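In the block that follows, a single chain appears as structure tokens, in the form predicted alone.
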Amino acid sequence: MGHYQPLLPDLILAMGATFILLLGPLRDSQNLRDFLRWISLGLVAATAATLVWVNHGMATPYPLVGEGWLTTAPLHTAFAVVFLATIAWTILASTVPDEDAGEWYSMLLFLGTGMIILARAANLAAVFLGLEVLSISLYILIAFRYSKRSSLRGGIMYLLLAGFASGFLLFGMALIYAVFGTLQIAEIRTLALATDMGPMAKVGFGLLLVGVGFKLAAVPFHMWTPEVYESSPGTVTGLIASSSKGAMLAAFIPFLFLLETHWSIIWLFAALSMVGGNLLGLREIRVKRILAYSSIAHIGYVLTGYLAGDTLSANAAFLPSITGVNAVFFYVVAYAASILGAFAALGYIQGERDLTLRDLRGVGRRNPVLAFCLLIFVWSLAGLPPAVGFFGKIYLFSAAINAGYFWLPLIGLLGSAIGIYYYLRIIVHLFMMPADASDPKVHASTLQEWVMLGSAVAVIALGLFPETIFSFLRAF
């Protein structure tokens, strides 16, 4: 049974999701919809508790990964717990569907299953399985409002392009297996570092990077991002921007050995994303698309920290002594806390067309709590103190400088300065412009307002006490 113990969290969540999927259609009532919400939260909590229990019982030190299907390394377990927390947050923050509630909560739980498989994958097959479970769940959640043509368009677009990218990923994995004769990432790492990679191995890892670049929406594989973000429900968009990309980053961490051979590709992804994402955001007036382009830039920031790897530099006298991997974890948490709240708040603002900057006028007067929370989230995304996003960028850029990368942090700082402009446009329209004739309605329940307020307080609190995130990581 010890061989199956690491699989318990995945089994609990997947079986629970199946149970909810079967239970939902039995009866269409408000009581059942509320029951499904709370039982979904209970399943997420049980899965997180099981993850912690498995970790303390079988932990293997990072950077070594397990020799089986999944790893119980502390960093990867911490990632998985964070992703479960974002699923729980989404369940609380999203509006209970008037119909198909069972399908809604089931897909969220299946999405969480894909995330924790990806976060803890020690095998190429596990990476692909987790990615496909995550992607299929997202296809359905993006197109969940199937009565709207835009939702169906976004779901189909993501389905086609994600399937195309999965082909690159799978073909790359096939070439890697052909060269090294194993699917275990630890064994591939050992063999790749012990010998010179041949052309087939380099091509295989290159194709793998193409698939990863698409899933992260790094430039030049970012084309799907604005359309899909705008078409999705607000809380789902937040999950796409934060946890789904975070899960891909967590699965990519065991491939740090590629920095020996493919660092220039990752460098190019980071630089192009920071420049392209921020420049594209300047000319956009639709709010979800602004945040979509900004998310491309944020991937560039994260890849800057990723390039620093998992070693501390001796030249860290005036900068925080932190590894690039830990900086990536910090930023995934900080960015998730900010972007989830921002997209959820925008989802509560309902108009007859796609939300534009003009539609934000007067929201500060009609719903000051929601507007204040959106201000905090946008402030953090801009990387301004004292919000947690400020320290996230400091840690990423510091790790990169300590590892000898100087141009990327400079590009990141310039990109951040450009990004402040379009973030401030959102704030100006929220509070400093007179209400427009369109006057979109703001629909947020008391529970949702409290969730928003708690999230905004957490963004500031984590900024004031950033060591809390590292303490959480060390607890594993």
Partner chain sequence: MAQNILFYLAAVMAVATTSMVVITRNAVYAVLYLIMSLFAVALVFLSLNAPFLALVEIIVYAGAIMVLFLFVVMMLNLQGQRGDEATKRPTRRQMIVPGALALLLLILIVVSLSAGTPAATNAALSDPKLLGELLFTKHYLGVKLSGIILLIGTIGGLHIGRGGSIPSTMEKPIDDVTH
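Keep in mind that what you see is a predicted model, and the values were worked out from it rather than measured. Positions refer to the first chain, counted from 1.
Keep in mind that the form predicted in complex with its partner chain is not shown, yet the notes after this line are about it.
Within 4.5 Å of some heavy atom of its partner chain in the model of the complex lies at least one heavy atom of Leu70.
In the model of the complex, none of the heavy atoms of Val457 sits within 4.5 Å of a heavy atom of its partner chain. Taking the partner from elsewhere, Arg366 is found to have every heavy atom lying beyond 4.5 Å of its partner chain in the model of the complex.
Taking non-hydrogen atoms only, Thr235 approaches its partner chain to within 4.5 angstroms in the model of the complex. Val133 is the sole member of Val133, Leu355, Leu307, Ala186 with a non-hydrogen atom within 4.5 Å of its partner chain in the model of the complex. None of Leu259, Ala371, Leu175, Ala85 but one reaches within 4.5 angstroms of its partner chain in the model of the complex through a heavy atom, and that residue is Leu175. Taken together, Leu41, Leu193 and Leu340 are entirely out of contact with its partner chain in the model of the complex: none brings a heavy atom within 4.5 Å. Per the 4.5 Å heavy atom criterion, its partner chain in the model of the complex is contacted by stretch 124-132, the sole one of 242-250, 332-340, 75-83, 124-132.
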